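In the form predicted alone, a lone chain appears below as structure tokens.
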């Protein structure tokens, strides 16, 4: 399929503006990826404090927003220090995407909306959402048009480098005439899941079809991998997910172009701060949920196995304090 880029006319959609959250002058843009079960309000605040330019919500189901809006909207609430904050939507039906876009724009008032075309989780694909949506070009376009037509917020999309027989380049080209503010391409295929090598060249192949901002995602775990991804992908910025779970300061590293190795004392201060935020929002019962973050924080440290075993048992702040102060690193 051939696409002539000179046919793209900025301003076709009344909701499109070149002045939006994605056109901030900072380069490279650094974005916290949506991660189910992790990128809640508290972790988004932490990543913003370490220099993330934009943070994205956990995936929000458009079906849930239509059928049970109260509970679904509650999960999308945020606080002002998180801005710029973007809500990512997933689902299968264009009409539900349109309704969800209107609802979130009115009730949540984030800084943008993002459409998920690449989630590889089997249960998401089974619903016809995520990667299943990205593999269906006509329906993918209908969804993008539904969202664009029901919000005055900038709209972005996220997809995978390869989705069955559909490449990221093909999908982005198919949507090239739509006023999308940003395109994020995860450099792995859908079948590659969350492991294995990424393909920055596949991201670069999308560059001619992106009139907004191009963001590269996948396999970015430190300053070295960030630099390599930016150089090869030709992207304007990078989105980081799992690489931020054990090193939320990775955003600061990229800003300063300097590797930062926290001491154990500095890491324990971060752990305390995160835990205190959890308790302030959810009470000490929230520390059970916090255990998964602790497993990431101690990854790679001496005595990590012992620490994980102990930390997976915590129920109170005092128990957490006893464990982290008992370790000499």
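Everything quoted here is computed from the prediction, not taken from an experiment. Positions refer to the first chain, counted from 1.
Keep in mind that the form predicted in complex with a small molecule is not shown, yet the notes after this line are about it.
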query: Listed residue (275, 298, 42, 59) with a non-hydrogen atom within 4.5 angstroms of the small molecule in the predicted complex; finding: 59
query: Interface residue in the predicted complex among 211, 102, 227, 242, criterion: non-hydrogen atom within 4.5 angstroms of the small molecule; finding: 242
query: In the predicted complex, residue 116 touching the small molecule (heavy atom, 4.5 Å); finding: yes
query: Residue 285: touches the small molecule in the predicted complex, heavy atom cutoff 4.5 angstroms; finding: no
query: In the predicted complex, residue 154 touching the small molecule (heavy atom, 4.5 Å); finding: no
query: Interface membership of residue 233, the small molecule in the predicted complex, 4.5 Å heavy atom rule; finding: no
query: Heavy atom of each of 88, 188 and 194 within 4.5 Å of the small molecule in the predicted complex; finding: yes
query: Answer range among 234-242, 146-154, 170-178, 78-86 for contact with the small molecule, defined in the predicted complex as heavy atoms within 4.5 Å; finding: 234-242
